[in-house]
Structure formats: structure tokens, C-alpha cells
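Heads up, the chain below is alone and in the form predicted on its own; it's given as C-alpha cells.
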Amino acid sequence: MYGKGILKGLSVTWKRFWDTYLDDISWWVRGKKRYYTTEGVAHRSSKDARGIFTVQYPEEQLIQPEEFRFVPFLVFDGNEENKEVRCTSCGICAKVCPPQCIWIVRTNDPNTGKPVPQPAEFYVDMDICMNCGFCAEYCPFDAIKMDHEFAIASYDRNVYNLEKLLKPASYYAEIRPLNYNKEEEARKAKEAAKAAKAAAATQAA
């Protein structure tokens, strides 16, 4: 009433304006950087932020939580020279994909013509992908995971081939450390149980 609301709104803006400079000075006194650092972005994303809290995208980006998912990628073990692709081209991911954006071509043995558990070609149309994560959820070999990368805009169609989809297991451990550790523990426990069962069978024989 009578302009009090306008003055109250302006006072909030004015306070945030000065809080920005006061917070910048406090960070400068402590010898830290409030901008263009992971610590600075985390602070401005927290409840303790004073003044400006926006990030200077694309130079700065918000810290993604571990469970953030965007596009899928294929995991391989080993190194770049000797890639052990986890995918067996079983086709389950393509069957459960709601928008049907996954295409797989199986590898065949040139001598027998029988299928080999390894993909010859693997394509994902990222422009159609709805980022649901069904492919990663249903993959029985932990070969597909959801990436944190979201800046994939281009002038061409975003159809990723096998080469572009493959990323090392170390990358997956980096972006999803909790999930990776749980899966590794479960895998080791399964292998230990399998080894114990084999040892028991050997002793029984």
C-alpha cells in the first residue's frame, strides 16, 4: 500500500547487491576464489550463499549429483589398447528402450557363422533418447551406464556409434563412485561364492 511493497522489494535487491561484494571480499581475504572453482560453485549452490548465487554458465557449471543421468554410454574394462567390452550384444537394451533409439549389430564368427558375444556395431540416437535409464537398468552385464554429460548440442544428428559410446570403467567409477563400489563388492562376492562352490565340488570328487 502506498508504495511500501515496492520499497520492500527494492530493499531485498539492494541487500543482495551489497552482500555479493561483502562475500567476495571475505573470500578474497581468505585467499580463496568464489568464482570458477568447484568450491565456489558448491558454496553458491548451498543455503549459506550470500549475494549472487547464479553460476556463470558455460564457464561454470553446477556440480552434478551422482544419480544425475542423461545419455547412456558403454563400459569397457582394460585400457585403450586392449578394450574388454562388457556388452555381449544380447539386445535386451534395444527391446526395453521406449523410443526405440538403440540399434545393435552382432558379431558373427567368419568360419562358423555363429554369433559372437560382442557387438560389431552399436548405435544410439541421442536426439531420440528420453534419458529414462531403462537400458542401464535392464542390462545384465553392467555394460550400459548413464552419463553426466549433457552439453551434446550439435548442428548434425547426435547418433553415437560404438567408438563414441565406449568409455572405461575408471570413468564410471569417477562419476558414480558409490554405485561403482557397490557393484564391485557384489561382483567380488559372487566370484568368491563361485570359487568356493568349485572348491567344494573338487573336494567332494
Partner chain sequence: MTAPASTQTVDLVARFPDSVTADTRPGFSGFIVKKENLVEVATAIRDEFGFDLLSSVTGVDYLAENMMEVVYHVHRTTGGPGLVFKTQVERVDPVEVPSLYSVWVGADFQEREAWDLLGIKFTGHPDLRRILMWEGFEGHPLRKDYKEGFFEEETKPFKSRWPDGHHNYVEFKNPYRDNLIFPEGFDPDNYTPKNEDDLYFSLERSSMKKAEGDLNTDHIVVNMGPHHPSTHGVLRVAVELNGETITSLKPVMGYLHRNHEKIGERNTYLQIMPYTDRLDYFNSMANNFGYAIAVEKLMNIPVAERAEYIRVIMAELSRIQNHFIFIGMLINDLGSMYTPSLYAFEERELILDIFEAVSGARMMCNYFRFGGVVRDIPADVLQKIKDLVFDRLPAKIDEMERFLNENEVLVGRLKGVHVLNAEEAIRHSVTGPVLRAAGVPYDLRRADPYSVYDRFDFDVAVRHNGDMYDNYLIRFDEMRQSLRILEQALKQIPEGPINSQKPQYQVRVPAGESYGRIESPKGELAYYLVSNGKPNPYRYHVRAPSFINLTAVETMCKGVKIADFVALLAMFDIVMGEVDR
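Rigid core (definition): largest C-alpha set, two forms, superposition within 1.5 Å. Here the structure is a predicted model, which means the values were calculated and not measured. Numbering follows the first chain given and starts at 1.
Omitted here: the form predicted together with its partner chain. The next part is about that form.
Residue in contact with its partner chain in the predicted complex (any heavy atom within 4.5 Å), chosen from 26, 38, 46, 170: 46. Taking non-hydrogen atoms only, residue 164 never approaches its partner chain to within 4.5 angstroms in the predicted complex. Using a 4.5 angstroms threshold between heavy atoms, residue 96 counts as touching its partner chain in the predicted complex. Contact check for residue 53: a non-hydrogen atom falls within 4.5 Å of its partner chain in the predicted complex. Taking non-hydrogen atoms only, residue 174 never approaches its partner chain to within 4.5 angstroms in the predicted complex. Heavy atoms closer than or equal to 4.5 Å to its partner chain in the predicted complex belong, across 62-90, to the residues 65, 67, 68, 69, 89, 90, ordered by sequence position. With a cut-off of 2 Å and the rigid core superposed, residue 186 has a Cα displacement that falls short of the cut-off between the shown form and the other one. Superposed on the core, the two forms differ at residue 10: its CA moves 2 Å or more between the shown form and the other one.
Core-superposed comparison between the shown form and the other one: the Cα of residue 145 travels less than 2 Å.
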